[in-house]
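Only one chain is shown below, in structure tokens, and it's the form predicted alone.
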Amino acid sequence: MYCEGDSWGCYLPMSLRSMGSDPMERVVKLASESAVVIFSVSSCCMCHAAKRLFCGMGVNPTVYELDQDPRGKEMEMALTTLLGNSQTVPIVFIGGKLIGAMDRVMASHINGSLVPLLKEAGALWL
């Protein structure tokens, strides 16, 4: 897939997938299924910026829009627990590992550690 306009990689509706009822279990499973996973809210400007960053780098993230899923609030609470009650969206996982919210993603991008993470996860080839 490619990024153009408002298209952000691959959207997979969480509610259509068969997973356990534990929200934390769902987060961990979803986060490990793709090289780059973003948990997002469709109306969030920081989520938009995160999606643009990755698409601009040639990465097609899998995006889960929490506000479009009936169990999205439960997932958001699980993400809050993972982050220690800080900002919840966007939350980025690379190679199944929690990177964090937008501040951590941007810090990694600025200090040069984001591209190696993406290469290691198989999200970038160059």
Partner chain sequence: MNSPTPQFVPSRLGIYEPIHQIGIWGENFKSNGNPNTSTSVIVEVDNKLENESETTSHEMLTASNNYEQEASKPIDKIQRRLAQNREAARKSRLRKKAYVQQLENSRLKLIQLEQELQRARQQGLYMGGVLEGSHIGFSGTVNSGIAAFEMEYGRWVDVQHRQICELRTALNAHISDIELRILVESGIGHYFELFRMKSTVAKADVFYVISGVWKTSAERFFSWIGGFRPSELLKLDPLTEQQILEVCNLKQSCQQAEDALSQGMEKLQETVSSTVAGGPVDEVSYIPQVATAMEKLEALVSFVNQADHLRQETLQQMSRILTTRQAARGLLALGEYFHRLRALSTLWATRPPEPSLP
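Residue numbers count along the first chain shown, from 1. Since the model is a prediction, treat every value here as computed from it, not as a measurement.
Beyond what is shown, the protein has a form predicted in complex with the partner chain; the following relates to that form.
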Thinking of the partner chain in the predicted bound form, which stretch from 91 to 99, 45 to 53, 73 to 81, 30 to 38 has heavy atoms inside 4.5 Å of it? 45 to 53
Can you check whether residue 111 is within 4.5 Å of the partner chain in the predicted bound form, heavy atom basis? yes
State yes or no: in the predicted bound form, is some non-hydrogen atom of residue 24 no more than 4.5 angstroms from a non-hydrogen atom of the partner chain? no
